[in-house]
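First, one chain by itself in structure tokens, the form predicted alone.
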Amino acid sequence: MATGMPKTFYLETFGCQMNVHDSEKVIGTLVQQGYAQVQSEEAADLILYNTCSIRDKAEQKVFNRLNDTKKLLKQGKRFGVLGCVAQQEGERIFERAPYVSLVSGSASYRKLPEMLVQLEAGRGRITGLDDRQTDETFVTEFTARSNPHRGYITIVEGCDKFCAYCVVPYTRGKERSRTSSSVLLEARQMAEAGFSEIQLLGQNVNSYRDPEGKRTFAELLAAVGEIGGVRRVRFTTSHPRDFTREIVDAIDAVPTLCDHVHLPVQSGSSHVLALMAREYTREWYLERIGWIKAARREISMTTDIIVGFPGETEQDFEDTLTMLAEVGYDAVFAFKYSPRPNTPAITRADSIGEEEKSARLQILLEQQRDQQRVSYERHLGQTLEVMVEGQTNARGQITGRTSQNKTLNFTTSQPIRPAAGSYLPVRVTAAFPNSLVGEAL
């Protein structure tokens, strides 16, 4: 990057909503430093990948992408790896991909300006791998919100659960929470700026512990939902161990809290849950599902599942299938187990072959698809409020999202297309396993 020349950057994000929000912080900082964001690696001076290391495929994808784009080195490009893989691998990334110039974990994004100065001065092998325990990870002066209507607020960083398969405690550090005052201040500022949907984020968002001692997580949810201008409040991801009846009561009491709970179960077998160090049993989890089903509002439920964890027997897998049937999830995000560095499970013999893992995953997905077909059909004839997302698909339908976080593609007889971020009542006329179809009223 020649001095005095326009500085451009390309940023690609892998992983969860927390990574998406982290990327918003990175983009805001780079723009403030005089960089312009471009939409392709070829047009960029600086190519950044914000990475995820939850699963082996996500990690490999980043290194594959780096390998594919290293040919751009001849054009003077510089490369940077950010996020969880950066924190996990550290300076080993320079050994694996010597053409990378910058490695930074999420706890160090506030130091990006000084790292960029070093980069522009021609230095290579610049690292930002601060103590993962810092609370300063919450404080980023510049945030570029990628969606003008829906915004994220991180309220909890890190994780203290140490599930046997998970790298998060090693890449994000211990659990630490923001003060409820700072969360509410940011939420009010977002509402004043026109954001009508706010999503509270955390690796275990419901593990929130207010450093000021003013509010529980459920009370914070309700307080955000009562801010003028806020139409919808979401939260993710919850841990069953910290899921309380108070959260369900808040959803019932505050209409702006979305009627959707994502509660990862990971396995329907108490035996496997113990091997995973999940700190609850099948019965404990189902008790919380009972609270959700007993709510006055109909609350949509989604989950995460890992198949083929070391030690999972055929009976254990069958317990997971019966869990799907008993709960009736509206969506399941299911994956084959893959060993992750530094985790306790990596020392276990991975006795279940890839072929068997794949077979179990396919059985689970097919059962869930059948369940979702029935589940989505219950909305036929209902009128649901959608937030317009502004996309038009190949059939000319407009894409919206319901409070239950379901995609609803719809048509309208009005000559003017509804604006992105607007809210409309839509009557459901057709249902598929992963989406609904309707007509705007």
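What you are looking at is a predicted structure, and each value in this text was computed from that prediction instead of being measured. The first residue of the shown sequence is 1; numbering continues from there.
The form predicted together with S-adenosyl-L-homocysteine is left out here; the points below concern that form.
Each of Ile54, Thr237 and Pro264 comes within 4.5 Å of S-adenosyl-L-homocysteine in the predicted bound form, counting any heavy atom. You can rule out all but one of 316-324, 291-299, 332-340, 208-216: in the predicted bound form, only 332-340 has residues with a heavy atom within 4.5 Å of S-adenosyl-L-homocysteine. This chain lacks the partner; the member of Tyr165, Phe79, Phe195, Phe94 within 4.5 angstroms of S-adenosyl-L-homocysteine in the predicted bound form by a non-hydrogen atom is Tyr165. The single contact residue among Leu220, Ile306, Val233, Leu273, judged by any heavy atom lying within 4.5 Å of S-adenosyl-L-homocysteine in the predicted bound form, is Ile306. Remark: Asn204 counts among the residues lining S-adenosyl-L-homocysteine in the predicted bound form, judged by a heavy atom distance of 4.5 Å or less.
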